[in-house]
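For reference, the chain that follows is the form predicted alone, supplied as structure tokens.
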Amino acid sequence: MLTDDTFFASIAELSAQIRARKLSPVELTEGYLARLEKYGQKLGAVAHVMREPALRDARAAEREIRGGRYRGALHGIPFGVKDLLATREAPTTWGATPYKDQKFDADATVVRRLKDAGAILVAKLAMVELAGGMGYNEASAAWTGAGRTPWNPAYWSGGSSSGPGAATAAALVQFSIGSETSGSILTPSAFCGVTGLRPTYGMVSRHGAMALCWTLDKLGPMCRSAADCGYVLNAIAGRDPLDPTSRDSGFRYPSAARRASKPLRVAVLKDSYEKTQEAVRDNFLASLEVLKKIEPRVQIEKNVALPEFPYGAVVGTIVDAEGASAFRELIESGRVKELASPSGRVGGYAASLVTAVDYLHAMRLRAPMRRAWAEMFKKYDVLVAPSRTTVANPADKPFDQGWPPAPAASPIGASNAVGVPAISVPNGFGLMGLPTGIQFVAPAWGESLLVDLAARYQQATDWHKRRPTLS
């Protein structure tokens, strides 16, 4: 009989049992399906449970493994994907009522690559409608209702990858795939106490994924540990001829340990933690002390300012312009009024008014931004800051009526603008028993450093092993 220990186990632990034929992929898949059906709706985490195709694929995986054809660490491991990834055997709703019956005749590249690795797709996971592209001010901005963190379901699981965050934290899936344009992997990872890796722009193919913002969108793994993120990224990264923005990165996991010949140079973002919620600040400072223990030659420099650019205005302008283009038919048809969020019903009209001059000016600023960040990363190996300035927002209040604003700096928007990778890992708990997180940001194609550093941080802490109590 499977226990909670099984469902919360790591990819390495599960794959070792599966390969040794001590754990049946069919039994494991049935267990995760049961958890999805029991808890998924309560957490607002699930768009579609894929019971029949999942069990079919699990039986096939079991036959292959018994026959000696073992594909690797993900073979027989159940996973879920954010419902903006096309799947041939389930609707792809983009979280929005106008698309509830939308179907595609092929899987997205990421889904196909995970299936090729032997992983078992068990669910399409809920998301904020249109990945928040039309704007929203409430947790309930989705046809599935509010996403809720399993640590305290009165609070939001974060957006727009709300379902992947909640489902992964509650072990309704072993891992999930989320997307990020400007915070949609890191935010739910922090609010749900999971580990989320946002790759470098272009590292993972977006073919078959809903487009919100072609020049900012990224897909990445949301797992319970950095090591698990490494295994998943290993399967999904790489050039795809169907996505001209994708490229090979050379990422491999497991990889050789990070070179220890030089000190690790850590930059603490200026004004990033001093005015956050108290627990966010205290947990962040404690995390810096952990870094000193796992990296004896670490050099931590505080009050490091980002290169000075109008990051927020640039990202906002680009998201508005590209989002209005991506959803032009929805906006002009008037069906945008079917969205759950009141602000989302009108946001597309305002976004449509972004001028070509403003959009081009924002895009042109990105080249000098990237050059300035490249210069910054000549002095530092990694940038650190709290993942979010507060714990999760109340799920039943508009966001602007939730926690008082915490006037702290965050690199999320800026790092998305320049396309560099980041990882958020849990680092404690705060108000109402809710998780907090720390983010590490690396230069472009620095995923190996991020996974290695985060994994060693997690070897020295146990926050990622804590489990929410489900009822």
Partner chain sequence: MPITEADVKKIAELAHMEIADEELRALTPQMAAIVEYVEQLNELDTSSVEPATGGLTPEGERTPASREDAARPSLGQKLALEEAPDPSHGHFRVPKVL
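For clarity, every value in this text was computed on a predicted model and none was experimentally measured. Residue numbers count along the first chain shown, from 1.
The same protein also has a form predicted in complex with its partner chain, omitted here; what follows describes it.
Peer 1: Partner absent here, but in the model of the complex, which of 139-147, 316-324, 228-236, 79-87 has residues with a heavy atom within 4.5 Å of its partner chain?
Peer 2: That would be stretch 316-324.
Peer 1: Please tell me whether any heavy atom belonging to residue 445 falls inside 4.5 Å of a heavy atom of its partner chain, as the geometry stands in the model of the complex.
Peer 2: Although its partner chain is absent here, residue 445 would touch it in the model of the complex, with heavy atoms inside 4.5 Å.
Peer 1: Look up in the model of the complex whether residue 347 has a non-hydrogen atom within 4.5 angstroms of its partner chain, and give yes or no.
Peer 2: Contact check for residue 347: yes, within 4.5 Å of its partner chain in the model of the complex.
Peer 1: Answer with yes or no whether residue 353 is in contact with its partner chain in the model of the complex, where contact means some heavy atom within 4.5 Å.
Peer 2: Answer yes; at least one heavy atom of residue 353 falls within 4.5 Å of its partner chain in the model of the complex.
Peer 1: Would residue 310 count as a contact of its partner chain in the model of the complex, using a 4.5 angstroms cut-off between non-hydrogen atoms?
Peer 2: So residue 310 counts as contacting its partner chain.
Peer 1: Taking its partner chain in the model of the complex as the reference, which of 358, 282, 243, 271 has a non-hydrogen atom within 4.5 Å?
Peer 2: By the 4.5 Å criterion, the partner-contacting residue is 358.
Peer 1: Could you spot which one of 253, 99, 380, 201 gets a heavy atom to within 4.5 Å of its partner chain in the model of the complex?
Peer 2: The option sitting close enough to the partner is 201.
Peer 1: Would you confirm whether the three residues 223, 291 and 435 all fall within 4.5 Å of its partner chain in the model of the complex, going by non-hydrogen atoms?
Peer 2: Negative, none of the three is within 4.5 Å.
Peer 1: In the model of the complex, which residues of 389-418 put a heavy atom within 4.5 Å of its partner chain?
Peer 2: The stretch touches the partner through 418 alone.
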